[in-house]
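One chain is shown next in structure tokens, namely the form predicted alone.
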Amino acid sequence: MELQIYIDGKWYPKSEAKISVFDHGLLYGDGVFEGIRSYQGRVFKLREHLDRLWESAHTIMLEIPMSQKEMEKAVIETLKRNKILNGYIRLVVTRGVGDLGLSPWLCKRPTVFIITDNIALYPKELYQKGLAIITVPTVRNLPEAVNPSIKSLNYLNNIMAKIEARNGGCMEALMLNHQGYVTECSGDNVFMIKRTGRGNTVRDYLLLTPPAYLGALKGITRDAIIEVAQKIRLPFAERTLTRHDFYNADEVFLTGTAAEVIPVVKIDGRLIGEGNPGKITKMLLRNFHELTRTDGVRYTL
């Protein structure tokens, strides 16, 4: 059976799911979205994702034409129709159909569509061996321009970084802000771990990530990892960080809804730690997977 796609209150087979060429989400990237995961019949952090979607929409003055409860029901029903227990959900709200001008007020009603499918952002072996990333020349959007905290459909900044990473022989890009500080990667948040003590417990390490105000999306998986760190008593701080800090970290990893938690073992040709995924990263990944089994909205097929 073909995948069923939700569009404005109805479901359509994938081959028939269409939006207008006059939709401002297509013409101008005028809209917002969320990427969400389901694990064993549990939509992970669904309400947190919906809160962020509504915040993004509020900032760009886009009124979502349904309540959060209605959106939650539509997500669950789309998963059920596609018989997906473990999958990826793409939830999109565009400004809607308008004319060829920029004016958003000429779009009479926003378009809402929901896709549920499977996703594999990186090959499985990279989760065991680790990822090599590269710093790219494209600077992360300034908060005063297109604020990275808005999860908008305008992802050209990220796409340019992704192209530059691929041109440099890597699958992911490390992005700096206009001051040269590390912000995030093209599609993931970035963390580093620094050994601070001589013992062999989590208390002898410090987990660090750049603050969102430097130009990073406040990721749902990012927050989940911070939650896990607090649970296992791993010291954590947000801190202004440079590439020098990351080059000299003991461990580095990325987080994102699609990526989950993936180790980084090389940045700009420099080995991180011993060049293998570190034990603290592995511990966080195990605890993250445990969290996905207990946190989220349940459903059955």
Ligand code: PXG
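So that there is no doubt, residue numbering starts at 1 and follows the sequence shown. The shown structure was predicted, so the numbers you read here are calculated from the model rather than taken from an experiment.
Although it is not shown, the form predicted together with the ligand is what the next lines describe.
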Distance check, N158 to the ligand in the predicted complex, heavy atom within 4.5 Å: yes
Distance check, F33 to the ligand in the predicted complex, heavy atom within 4.5 Å: yes
Partner proximity in the predicted complex: R52 to the ligand, non-hydrogen atom cutoff 4.5 Å: yes
In the predicted complex, G187 touching the ligand (heavy atom, 4.5 Å): yes
Heavy atom within 4.5 Å of the ligand in the predicted complex - the one residue of I193, M71, V136, L217 that qualifies: L217
Of T221, T94, T209, T116, the one that lies within 4.5 Å of the ligand in the predicted complex (heavy atoms): T221
Partner-facing stretch of 177 to 185, 79 to 87, 126 to 134, 102 to 110, counted where any non-hydrogen atom is within 4.5 angstroms of the ligand in the predicted complex: 177 to 185
Full three-residue contact with the ligand in the predicted complex, heavy atom 4.5 Å, for Y122, R140 and T257: yes
